[in-house]
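In the form predicted alone, a lone chain appears below as structure tokens.
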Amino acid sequence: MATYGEGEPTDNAVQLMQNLQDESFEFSKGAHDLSGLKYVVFGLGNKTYEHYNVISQYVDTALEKMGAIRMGIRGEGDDDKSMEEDYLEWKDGMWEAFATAMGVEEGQGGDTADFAVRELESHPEEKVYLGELSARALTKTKGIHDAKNPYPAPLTVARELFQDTKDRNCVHVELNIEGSGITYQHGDHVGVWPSNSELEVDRLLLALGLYDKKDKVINIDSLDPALAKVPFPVPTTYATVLRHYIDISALAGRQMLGTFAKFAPNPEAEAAIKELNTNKEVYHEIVANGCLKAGEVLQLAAGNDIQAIPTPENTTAWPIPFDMIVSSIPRLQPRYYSISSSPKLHPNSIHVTCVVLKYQSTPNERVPERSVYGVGSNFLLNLKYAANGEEAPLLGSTGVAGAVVPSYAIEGPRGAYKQENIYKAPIHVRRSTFRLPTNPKSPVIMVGPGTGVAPFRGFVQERVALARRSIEKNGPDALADWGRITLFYGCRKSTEDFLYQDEWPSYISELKGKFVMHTALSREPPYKPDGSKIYVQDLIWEQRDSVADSILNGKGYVYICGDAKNMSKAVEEVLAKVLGEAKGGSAEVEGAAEVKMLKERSRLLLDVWS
């Protein structure tokens, strides 16, 4: 059971949660009773979030309460460290308890395939999926656009937001949704469906010995649809699966390597990959620190040079059955971004503010330091270059893999994502509860350093649209009794990465003193007296009197968006300190109680990520 957001179940678990909570719901025994049921539970969570694994804990408690019996202990995976390692540690004890409780012995069924892959000799070309994400996209039939049928939205604007792009990029993209039937509200998220970089597609095709057959049409059947559904549309081709449908750019999991070892091309490669599979310290040092993808691990184990551009000559082929690739590597998921516009100002376009993810791996004895590129953000950066007719900057010799900005198949399946010089990105909207209070008299405090400012640009635009209407209707004093909205924003330098620097003054002017912005420039003076950097939490402490007044007397709302690991924790701590002192007590007692109450009443809302 996964927990996401503010301790919420995933979409596909909502019905189960309702059934467990509803005392009148009858299970198959004809009552709200599950005695006789035996179960195991493993939670998927992230320790940087406050509500760590609460859904798995709730389900476990609810099942026990209804008479069900848990086998073994409840497992909890922490995605901030290694979910897979947590699972592997839990699994052995769970299987022992399972075998005892169920009176079974573990057989040798672990190698049974989930899927059957067949190469098709002839198939109508127009019925082959080449990256289309739904049947409607393939047949070009109209229908609603959602997570099952994303909409190819044309890019109308794509620009760089950072003033200094020497080391980093931040892309502003405007996606046209006119005529799509898609609507959104401020605070919602947009899911962008990327593809994998062409370098990684070629690498894995070569490592699997499929490069010459990459465009061969294949069908995939599930051998037990109750256990495993084919996770993407078929028939398709080998290259399409790796480019559009599975997450070949993710870190190669330790379990996966054990499956691959049986198909090693030689004893040395088998020994090398088995060591990575069985020795968690070596796996962590080489694969996790080296940020190695499945194709790179196969190359490394076979003694290939993973720094070179992969070719048939320098990449050893492993005869791994393709059904195992489909079983081992999860589906490529959309990347979600907080929408940075308001539909009241931009009814036909969704704005995205995306910092481009590129970082250096930790070097080790087998893998030198190298650049690692985030899939979704570099996909958007590629789209920006193409849409503006810009050359992607070279980062060095093109003979070295990863030495250039990765390239993507941005024209889409059958060129569907390009019309003349207009490029499109497949998107859908995910609803959020991250919303402004409906009454503009309520004060609002927004904390969003870096790209955490994205939804707050939408919030401010929402208030600007409302202000224009109010002034038009009620005259120049229409905003007199409005609550103040305050934005605490942080970046490095005013000359380097100050997002939307040119826009804020016009919003301040239109909102006639009801919008105030405090900016922390962490790498620009003035610094703190001890020389340390100033962050958003320091500005909140500086403004503690007005912050406390807005929350305690004005019954105001607080919104935090951005990094979950450090920033949001630090902001909550300073809020507890501010409120505790204002109540004449301490951060630990009165302050913590006030913060808890704000959350319970949905007056403190978070949109954070790790």
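A residue's number is simply how far along the shown sequence it sits, counting from 1. What you see is a predicted model, and the numbers here were worked out from it, not measured in a lab.
Not on display, but discussed next: the form predicted together with ligand 2AM.
Undergrad: Counting any heavy atom within 4.5 Å as contact, can you tell me which stretch out of 63 to 71, 35 to 43, 546 to 554, 563 to 571 lines ligand 2AM in the predicted bound form?
TA: Residues of 563 to 571 come within 4.5 Å of the partner.
Undergrad: Consider the chain as shown here, without its partner, and state which of Pro152, Gly131, Pro449, Gly290 has a heavy atom within 4.5 Å of ligand 2AM in the predicted bound form.
TA: The residue from Pro152, Gly131, Pro449, Gly290 that makes the contact is Pro449.
Undergrad: Though ligand 2AM is not shown, can you say which of Arg484, His284, Arg370, Arg492 has a heavy atom within 4.5 Å of it in the predicted bound form?
TA: The option sitting close enough to the partner is Arg492.
Undergrad: Evaluate Thr519 for contact with ligand 2AM in the predicted bound form, applying a 4.5 angstroms cut-off between non-hydrogen atoms, and reply yes or no.
TA: No, Thr519 is distant from the partner.
Undergrad: I'd like to know whether Tyr535 contacts ligand 2AM in the predicted bound form, with contact meaning heavy atoms within 4.5 angstroms.
TA: Looking in the predicted bound form, residue contacts with ligand 2AM include Tyr535, since a heavy atom lies within 4.5 Å.
Undergrad: Spell out, yes or no, whether the shortest heavy atom distance between Lys229 and ligand 2AM in the predicted bound form is within 4.5 Å.
TA: Because no heavy atom of Lys229 falls inside 4.5 Å of ligand 2AM in the predicted bound form, the answer is no.
Undergrad: How about Arg523: is it within 4.5 Å of ligand 2AM in the predicted bound form, going by heavy atoms?
TA: Within the cut-off, so yes.
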